[in-house]
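As structure tokens, one chain now follows by itself in the form predicted on its own.
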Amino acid sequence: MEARRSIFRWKSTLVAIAIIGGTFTLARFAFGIGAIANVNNAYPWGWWVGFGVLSFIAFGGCGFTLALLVEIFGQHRYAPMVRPAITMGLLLYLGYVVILMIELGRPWMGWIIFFSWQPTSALFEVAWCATLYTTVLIIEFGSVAANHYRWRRSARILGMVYLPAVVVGVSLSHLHQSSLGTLLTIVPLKVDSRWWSEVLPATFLTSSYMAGLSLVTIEHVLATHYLRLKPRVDLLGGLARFQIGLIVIFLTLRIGSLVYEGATDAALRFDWLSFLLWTEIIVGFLVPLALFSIPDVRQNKWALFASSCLLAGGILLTRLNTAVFGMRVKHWESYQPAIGEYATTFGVLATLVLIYGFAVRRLPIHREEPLDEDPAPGIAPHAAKAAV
């Protein structure tokens, strides 16, 4: 009974956030972007880009990261985590598209990117690769739905193209994840020296791996807890070992670039941006690195959950520091995200969580064994037993 009440409270909160976000979205299209946002000519890339685009795409990397690990590198022991990762990746990419359309307006003109050929533009590459990769995610997720609903012909066709789609999807993800860093590399006079670097494409790609693995861990712990399934702590511990190597690579690039670019003096200033920088590095990366290195942490699902949340927060703060807080413009210009920018972003995020919860209850996304014979109320039978 208490579990049912807890789930109801969470759902009610998410629905309320989604409704508020939808109201602000309608206001944006009815009265223009100025009605709900504070973006201006000096700060055209505000909260929507830093959180809604750069971060959604980073965490959407969970799909290609698990597909790379399982299908390309042959780590098939992690196969049970591929379906949740693909589903979350698809939803996050769709969320990124929605937020981008809210910011840009005129979503009915989106087709123009397919006919306005600009191969030398990093943004054009991101748009094309993200669009194609979203299509790949639809194919990968479609095979799950087709098999579950016994659409035999569709399942057969999707099964034939699944592996090629995975290979194409992994390739496209590497291109556009790194290209997001390229977008900021080409504006060295606007990004603060504490975050601008020639290796931004490499750090963005590495952080997308970490973001994907963090989200997979967070989702697995929460989903198995609320669905009353046995968590695969052994697999989560294995992902934590991968995270150790990725964090070391990221910090080497990150701190090395500070030294190489001559930004150490700026990094040691006693100001707000330096506080954000060291919060990002220490709390967001060094603390998770230390925690993941402890064997007892790797054997405890809630310790892994907390460590992954810290790492996810560090990655989110890195993206916001680079694209929002660390943006340098003329001193007389200013930018503070408006309530409408927060509301639309979190409204989209709440909607994605609700959709994901619905998908988990209706499709065989989780295939872990149940903790007991009586699954939680409202859980579909297939979600409480091993499927396939």
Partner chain sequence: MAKSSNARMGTFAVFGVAVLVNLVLSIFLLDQVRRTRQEVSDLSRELASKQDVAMLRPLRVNEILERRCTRCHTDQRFAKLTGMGRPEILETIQRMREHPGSNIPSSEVREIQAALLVFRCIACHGEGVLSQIVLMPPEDRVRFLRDKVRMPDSGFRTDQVGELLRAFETLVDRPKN
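Numbering follows the first chain given and starts at 1. As the structure is a computational prediction, the values presented were derived from the model and not from experiment.
As for the form predicted in complex with the partner chain, it is not shown, yet the points below apply to it.
Asks: Tell me which stretch of 254 to 262, 201 to 209, 314 to 322, 106 to 114 has a heavy atom within 4.5 angstroms of the partner chain in the predicted complex.
Replies: Going by heavy atoms within 4.5 Å, the stretch is 254 to 262.
Asks: How about residue 300 - does it come within 4.5 Å of the partner chain in the predicted complex, if we only consider non-hydrogen atoms?
Replies: Taking the distances in the predicted complex, the answer for residue 300 is yes, it comes within 4.5 Å of the partner chain.
Asks: If you check in the predicted complex, is residue 291 within 4.5 Å of the partner chain, heavy atoms only?
Replies: Looking in the predicted complex, residue contacts with the partner chain include residue 291, since a heavy atom lies within 4.5 Å.
Asks: At the 4.5 Å heavy atom threshold, is residue 271 in contact with the partner chain in the predicted complex?
Replies: So residue 271 does not count as contacting the partner chain.
Asks: Consider residue 282 of the chain shown here, and say whether it contacts the partner chain in the predicted complex, taking contact as heavy atoms within 4.5 Å.
Replies: Yes, residue 282 lies within 4.5 Å of the partner chain in the predicted complex.
Asks: Looking at 249, 287, 309, 132, which is the one with a non-hydrogen atom within 4.5 Å of the partner chain in the predicted complex?
Replies: Looking at the other structure, the residue within range turns out to be 287.
Asks: Using a 4.5 Å heavy atom cut-off, which residue among 162, 278, 124, 226 comes into contact with the partner chain in the predicted complex?
Replies: Exactly one residue meets the criterion: 278.
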